[in-house]
Ligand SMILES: Cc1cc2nc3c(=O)[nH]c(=O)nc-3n(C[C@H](O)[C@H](O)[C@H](O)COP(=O)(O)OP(=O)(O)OC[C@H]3O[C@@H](n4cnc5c(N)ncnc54)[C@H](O)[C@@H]3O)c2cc1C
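A lone chain, given as structure tokens: the form predicted on its own.
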Amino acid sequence: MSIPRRVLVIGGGASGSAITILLRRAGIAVDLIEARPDWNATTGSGITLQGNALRVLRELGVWEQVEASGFAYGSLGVTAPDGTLLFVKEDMRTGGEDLPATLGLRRPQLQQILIDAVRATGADVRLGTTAETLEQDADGVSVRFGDGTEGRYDLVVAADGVGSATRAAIGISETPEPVGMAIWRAPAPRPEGVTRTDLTFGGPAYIAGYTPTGGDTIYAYVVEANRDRKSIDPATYADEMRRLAERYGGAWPEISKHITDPAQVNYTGFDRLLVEGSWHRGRVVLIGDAAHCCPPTFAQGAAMSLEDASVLAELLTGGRDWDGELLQAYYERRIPRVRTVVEASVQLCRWQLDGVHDADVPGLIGRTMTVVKELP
């Protein structure tokens, strides 16, 4: 058997970068295309990475850079809207005892670390480029790009996110469904004494929280009922988020006074997506948010995407034929774990939207994180 030699990865986010690094390490030629000319290196406020995400980042060889750039911690605080600390819970070490339970990091820093790692592999990277058409036959995929050039590939990996054009192009009909909530996010200086994530449930919003992302920084977030983004003037983003945030106590008054630049504030609706049956059509396969997404209530979105890349790369480099059976095995290995995370993340939202006060939140969290702690 001869191993196919050329792969196209569409999308340069976490999952696309990860699969590129792992396939190049195995000696497979990879072209990576990314629609955004800046490779998403300047957008986003912060990200929460739990141990199972850190485990994959260690596999990629970037753990030391991530550890040096972020803020590691091991517990979660829950506060009342006035800032009174109600309790502190130790986080489960889902990546193993030799990794932190949780690490906060500025999202642009994580992206730059992954960009540097991809560049170091020698992968052929093209920015500002999209795949316009995919034509498959029994031996591979012919791709025409937006700039008029063409390429021929043994496999196409679609890592182009929740709005994946590739997903629709290969005939997968599932699309993201709004959950009914949306989140405001903004970076801010880290107040003295903030050394973990603290969450508040209730008050002027459904959830208010913050996560340290480095020695001097945090990202703050407030979750409210979803609004049509078109109805909100982007120039008012800072005012809108601050209006909610400044009504909380504790560290929030210090955080709120720094929410002033609307360009630094992001507003995103919560969506649910889970492609069922298979994540491939022929020689095109979905990974990451192109195949599944969920609200960030468990902070597992990036982790699930990184795990997809790790599992798919393991199968592709294991000496088996690159055929439908292998790609279906990838789906069947991932779907139970991903479904658990998606359904639990949505359930937490529904309990809040429905005003359920006696829900077994600790039980749901415990069951879900126990699944996540197992190797993918």
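Position 1 is the first residue in the sequence shown; the rest follow in order. Because the structure is predicted, anything quoted here is derived from the model rather than measured.
There is also a form predicted together with the ligand; it is not shown, and the following applies to it.
> If contact means any heavy atom within 4.5 Å, which of 78-86, 230-238, 156-164, 257-265 contacts the ligand in the model of the complex?
Replying inline: Of the options, only 156-164 has residues within 4.5 Å of the partner.
> Is Tyr219 close enough to touch the ligand in the model of the complex, meaning at least one heavy atom pair within 4.5 Å?
Replying inline: Answer yes; at least one heavy atom of Tyr219 falls within 4.5 Å of the ligand in the model of the complex.
> Taking the shortest heavy atom distance, is Arg36 within 4.5 Å of the ligand in the model of the complex?
Replying inline: Heavy-atom contact with the ligand at 4.5 Å: present for Arg36.
> Taking the shortest heavy atom distance, is Gly95 within 4.5 Å of the ligand in the model of the complex?
Replying inline: So Gly95 does not count as contacting the ligand.
>> Check Thr48 for me: does it contact the ligand in the model of the complex (non-hydrogen atoms, 4.5 angstroms)?
In response: Within the cut-off, so yes.
> Gly74, Gly180, Pro296, Gly282: which sits within 4.5 Å of the ligand in the model of the complex by any heavy atom?
Replying inline: Flagged contact: Pro296.
> Has each of Val66, Pro187 and Thr213 got a heavy atom lying within 4.5 angstroms of the ligand in the model of the complex?
Replying inline: None of them does, since no heavy atom lies within 4.5 Å of the partner.
> Which residues within 298-313 place at least one heavy atom within 4.5 Å of the ligand in the model of the complex?
Replying inline: Counting only heavy atoms within 4.5 Å of the ligand in the model of the complex, the contacting residues of 298-313 are Ala299, Gln300, Gly301, Ala302, Ala303, Ser305.
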